[in-house]
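Shown below, as structure tokens, is a lone chain in the form predicted on its own; questions about how it binds or moves come after it.
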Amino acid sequence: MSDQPILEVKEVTKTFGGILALNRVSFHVNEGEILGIIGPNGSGKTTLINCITAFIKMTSGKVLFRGKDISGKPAHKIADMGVTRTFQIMRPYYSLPAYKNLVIPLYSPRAKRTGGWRGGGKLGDRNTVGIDILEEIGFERDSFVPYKMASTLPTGYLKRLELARCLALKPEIILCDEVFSGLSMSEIASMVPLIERLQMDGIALVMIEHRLRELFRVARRIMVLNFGEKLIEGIPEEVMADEKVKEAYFGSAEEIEEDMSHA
């Protein structure tokens, strides 16, 4: 992990009518780092990712990727630069097989520029590359699962498919919106090593999560949002001990102690 920022968010503000959803939120992500973002429901976490990736237009502020202002760029241009994201409510092409969901991003300008996939497939054979990527993130290559229609896949595979579609673009950073949500403990146990492997490959990650125990296993820096404002940023132990965080997010002291005992 480098101490050079790959992503810088500077005083991003978003209003919906008279509602202030984000209030001058600033933070950075270093190369190869995993940053966790937590906060109560409605605190602005998904809105923040939507602003960064241009799925909604921020009211003010700016976002820098490798020092370049990307605030005014459309979403597909930002993805083409290597800034990708997953969705809390998965958005696969349900009418296509799982591996065909990968073929589509493999036709993107970024995929064409960066070439094939380290799994061995060549860009000219996008079907093979799609299978390679699915195998990389936990699909059983020799099973029928990669060939199943996305509409028939359970949540665990759909979450992996979201990540796979990001990986097809050879991203430099992935913004993950609750990638652990809806998964069983065994599915999460197999997902954590995948997240760690992505970091080892040099990919930075921003992870919105409610599953704190699992998030703290992979993220050593945490930012807390509440009512659209940044409360605190630091290592998990510091964040969990902060009185403002306890009051705004975690509830009673007994609940804090229970969460810490499992973290």
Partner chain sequence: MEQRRKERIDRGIKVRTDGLYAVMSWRELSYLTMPRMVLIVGLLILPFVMPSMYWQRVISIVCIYALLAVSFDLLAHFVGLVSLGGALFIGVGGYLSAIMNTSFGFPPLLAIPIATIAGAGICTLLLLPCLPLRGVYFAIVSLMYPLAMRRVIEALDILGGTDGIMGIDSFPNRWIEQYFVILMVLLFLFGVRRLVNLDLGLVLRAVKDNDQAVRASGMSITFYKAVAVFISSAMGCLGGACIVHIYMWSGMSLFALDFSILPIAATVIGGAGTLVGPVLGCLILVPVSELLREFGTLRIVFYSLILVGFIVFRSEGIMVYGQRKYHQIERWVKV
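Numbering follows the first chain given and starts at 1. Quick caveat: nothing in here was measured; it's all calculated off a predicted structure.
Separately, the form predicted together with its partner chain exists; it is not shown, and the next lines address it.
Not displayed here, its partner chain is approached by Asp80 to within 4.5 Å at the level of heavy atoms in the predicted complex. Although the partner is absent here, Val192 is not a contact residue: none of its heavy atoms lies within 4.5 angstroms of its partner chain in the predicted complex. Of the heavy atoms in Ser143, none are within 4.5 Å of its partner chain in the predicted complex. Its partner chain is not drawn, but in the predicted complex it has a heavy atom within 4.5 Å of Tyr107.
Not one of Arg221, Leu231 and Gly234 comes within 4.5 Å of its partner chain in the predicted complex, counting any heavy atom. Only one listed stretch (208 to 216, 60 to 68, 47 to 55, 29 to 37) carries heavy atoms within 4.5 Å of its partner chain in the predicted complex, and that stretch is 47 to 55. Put simply, of Leu158, Ile137, Val103, Ile188 only one has a heavy atom within 4.5 Å of its partner chain in the predicted complex, and it is Val103. Within 4.5 angstroms of its partner chain in the predicted complex, the stretch 154 to 173 places a non-hydrogen atom from each of Arg165, Leu169, taken in sequence order.
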